[in-house]
Structures are given as structure tokens and as C-alpha cells.
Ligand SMILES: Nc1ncnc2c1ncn2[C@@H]1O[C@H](COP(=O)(O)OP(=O)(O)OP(=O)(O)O)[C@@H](O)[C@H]1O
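There is one chain below, alone, in C-alpha cells, taken in the form predicted alone.
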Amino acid sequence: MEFNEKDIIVKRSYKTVYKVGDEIIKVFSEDHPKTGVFNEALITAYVESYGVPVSKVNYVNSFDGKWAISLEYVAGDTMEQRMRQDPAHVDDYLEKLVDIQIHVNSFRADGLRNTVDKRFEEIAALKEIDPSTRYELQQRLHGMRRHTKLCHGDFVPSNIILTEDGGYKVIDWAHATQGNAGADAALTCLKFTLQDPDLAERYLKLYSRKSDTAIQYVQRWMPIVAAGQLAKAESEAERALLSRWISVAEYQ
């Protein structure tokens, strides 16, 4: 199969995403682990089996030495696009985001890795923070109960497609786990904070009210998920903000 520049819809350092007919094809870089590609396809298949609206996997294949995942094309706009196009109704979209997130978290995610294990390994591998801070973060993780709720792992407006029939599909499940919904909400809040702190605060209050979850519980996860994001920081400003969140003393 040949891919054309005009068909690119997303380009990252480790993958290029094309729209080819009724397919979305993620082509990963040559150094991207083969296991990671198959794992993403497997996770997406698991999530589909739970009954969550997703972009379904068609196949996994290699093209010119690069592994790729083919997914069904879903017509519509991302929620992020709608929020930018219609800023007067951002709060309505924010409420819809929370409703979808609570629905996703309502599924039991048997078969997926647990959030606590994933975060523990992320922190252990993070040499950018001192060992005492890593220890405190890991101790905090040990104190968290192990839940089995479906957690997306990157639940942001750009990963929700609002379909033409009024429905939605949630995409990009590579980081999904079974675990604590509070961890998922903490990461969403953190992603909003990096862009718009006011929107992050509105999201957190809305999530707390609609999910009947204490804001303090979500905040207890913030240093943990911030540590997981530190290695992915794209700027010094982002790195500085994440480093501040990692201060475990702030929410003791």
C-alpha cells in the first residue's frame, strides 16, 4: 500500500496517521516496538468487546518495514474541534465530556493491566526526580485501592469523536488500564491545566459533582499521573508545571 502526504491527518514523532478510504491507518516509526503496536490493537479489541463505542480495529500489518494498525474511519468532529468552533458552549461540551467519561469508567475492564502497576513502573523508571520523591510517590500508590474500572489513560476532547448521528466514539486506547477512575480524572484535569487552568478547575468541579467523587481524592492522584507525564513533556514550561505537581507534600 502506498501512502500520500495529502492523506495525513496526524503526525507525531513516533507515528503518522492517514485516512485512506474508509480506513484510518496508524503507521508507526521503524524503532517503535512491535509489541507496542500489537498491544494497542489488543487493548482496543478488548474495549470494543466491553461495549464501548470505539473505532474498531480492522487489522495489523507491516508496510515497508513499519508496523501499522488499520481502524474504521468514523465521520465527525473531535470534541476539541467543536469546543474551538463554538466557544460560547464550552461548558455544554465539558458536561458531555464528563458524562462520557463516567460512562466509560462504568465498564469493568477484565483483561487489561492495572493502573497501579502501570504507574508504579513509570515512577520507578523516572530518573529525572530524586529517589526520595520516587519513594513517596510509590508509597502513595501502595495506599490506593485496586479497582477494575475501565480507564482510558488519555481522556481528552481530542480523543472523542462526535459523530454525525449525534453519538460519539472514543479513540486512541493505547494507554487504557483497569483501575481507579480518579486516576483517569486526574490525568484529564492535568491535561486541561497545561492548556487552560480555569477550564481544568471547571472540569474538576463538574466531575466531582456528577461522579460523586471528592475533589481531594482526584488530587491525590495528581502527583502520580504528573510523574508519568514528565518523560513526555514537550517544553520546559510543561516540564516545570509537571514538576510542581509532583510535589507530594502539596496534597498531604
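Bear in mind the structure is a predicted one, so any value in this text is a computation, not a measurement. Numbers follow the displayed sequence, beginning with 1.
Form predicted in complex with the named molecule: not shown, discussed below.
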Next item on the list: May I ask you to choose, among I171, I100, M144, L94, the residue with a heavy atom within 4.5 Å of the named molecule in the predicted bound form?
Entry: I171
Next item on the list: Report the residue, out of Q219, S55, T213, T193, that has at least one non-hydrogen atom within 4.5 angstroms of the named molecule in the predicted bound form.
Entry: S55
Check: Taking 4.5 angstroms as the cut-off for heavy atoms, does N159 touch the named molecule in the predicted bound form?
Finding: yes
Margin query: Under a 4.5 Å heavy atom criterion, is D110 part of the interface with the named molecule in the predicted bound form?
Written below: no
Notebook entry, point to check: Heavy atoms within 4.5 Å of the named molecule in the predicted bound form: does V74 have any?
Noted result: yes
Next item on the list: Flag V10 as yes or no: does it have a non-hydrogen atom within 4.5 angstroms of any non-hydrogen atom of the named molecule in the predicted bound form?
Entry: yes
Checklist line | Partner-proximal stretch of 44 to 52, 203 to 211, 29 to 37, 66 to 74 relative to the named molecule in the predicted bound form, 4.5 angstroms, heavy atom | finding: 66 to 74
Checklist line | Contacts with the named molecule in the predicted bound form, stretch 12 to 49 (heavy atom within 4.5 Å) | finding: R12, Y14, K15, V17, I24, K26
